[in-house]
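One chain comes next, on its own, written as structure tokens: the form predicted on its own.
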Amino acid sequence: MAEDLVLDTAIRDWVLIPLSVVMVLIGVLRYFVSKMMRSSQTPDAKIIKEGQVIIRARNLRAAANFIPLKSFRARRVYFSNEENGLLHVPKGQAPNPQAQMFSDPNMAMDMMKKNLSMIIPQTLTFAWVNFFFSGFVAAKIPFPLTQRFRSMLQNGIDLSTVDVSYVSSRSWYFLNLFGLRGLFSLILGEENATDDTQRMMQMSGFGFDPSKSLGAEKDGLDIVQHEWALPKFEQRAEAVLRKLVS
């Protein structure tokens, strides 16, 4: 049976609050360091052009039923014909994003700087937490939880008799590490460099392949079924105008 613990207020004052404040300060500091290390890059005209083409194709799909069938077919051929359509990418000409990254030293250097700005502060902070705050029961969640949450909330505590709702100091560190995204968005804005979950997802891949987006947009435009949303609009408008004039 799980035991109820009485948490000392000194743990709150010397473990819980300092750990939370340090995590916020490290996140803000890492944002400004990443901003200083970020090199200014001139945008690639080809990538901008491809992005504008995708936006125009999406607008055509969204407003397809508000233009005549002949006009829609002409625009669709302009975007997706197999010879010189804007959305058509020949198989042999599809760029390899990994090859582009390794051929561009600035891109590889920027990626290394971003990864270092994430890995080094996390490693030092985890070592600090593990050395000074290991083994503390720092907080208690005010609602019951199942046993599946024990490994997540009680990392570093090997006591099966402690209720699952108690949180260890090490687990509190991980909760702050992955749960402060909303706070950083309020402090630093939406476009901040402190989203660790997004960083870790980006580390698994080396770039963005625009040919896949062009191909997906081409497939979406090809399957659009045109249904004229304004049948006999000209005749109805003429009739209304004649009534107003007469």
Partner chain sequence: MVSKTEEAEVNRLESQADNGGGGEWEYLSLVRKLKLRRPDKVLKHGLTILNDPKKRSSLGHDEWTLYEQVAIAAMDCHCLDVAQDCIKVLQKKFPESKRVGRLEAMLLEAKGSWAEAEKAYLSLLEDNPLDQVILKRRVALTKAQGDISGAIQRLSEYLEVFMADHEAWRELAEIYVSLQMYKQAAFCYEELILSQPMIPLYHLAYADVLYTLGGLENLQTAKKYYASTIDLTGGKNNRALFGVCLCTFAVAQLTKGRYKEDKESPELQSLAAAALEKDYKLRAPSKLSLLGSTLRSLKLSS
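Since we're looking at a predicted model, the values are computed, not measured. Just so we're on the same page, rigid core means the largest C-alpha set that superposes within 1.5 Å between forms. Positions refer to the first chain, counted from 1.
What comes next is about the form predicted together with the partner chain, which does not appear here.
Check your understanding: Just one of Ala63, Ala216, Met36, Leu29 has a heavy atom within 4.5 Å of the partner chain in the predicted complex. Which one?
Key -> So the residue touching the partner chain in the predicted complex, by this definition, is Ala63.
Exercise for review: Although the partner chain is absent from this view, report whether Ala237 comes within 4.5 Å of it in the predicted complex, heavy atoms only.
Suggested key: Contact check for Ala237: yes, within 4.5 Å of the partner chain in the predicted complex.
Review point. Would Ser71 count as touching the partner chain in the predicted complex under a 4.5 Å heavy atom rule?
Key: Taking the distances in the predicted complex, the answer for Ser71 is yes, it comes within 4.5 Å of the partner chain.
Check your understanding: Though only this chain appears here, would Val245 touch the partner chain in the predicted complex if you measure heavy atom gaps against 4.5 Å?
Key -> Heavy-atom contact with the partner chain at 4.5 Å: present for Val245.
Check your understanding: Given that the partner is absent here, does Leu186 sit within 4.5 Å of the partner chain in the predicted complex, heavy atoms only?
Key -> Contact with the partner chain, no.
Practice item. Determine the residues of 220 to 234 with a heavy atom within 4.5 Å of the partner chain in the predicted complex and present them in sequence order; the list may be empty. Key: The stretch touches the partner through Trp228, Leu230, Pro231, Phe233, Glu234.
Exercise for review: Determine, after fitting the two forms on their core, whether Ala237 shows a C-alpha shift of 2 Å or more between the shown form and the other one.
Suggested key: Where the cores coincide, Ala237 still shows a C-alpha shift between the shown form and the other one that is 2 Å or more.
Exercise for review: Compare the position of the CA of Trp228 between the shown form and the other one after a rigid core fit and state whether the shift reaches 2 Å.
Suggested key: Yes, the C-alpha moves 2 Å or more.
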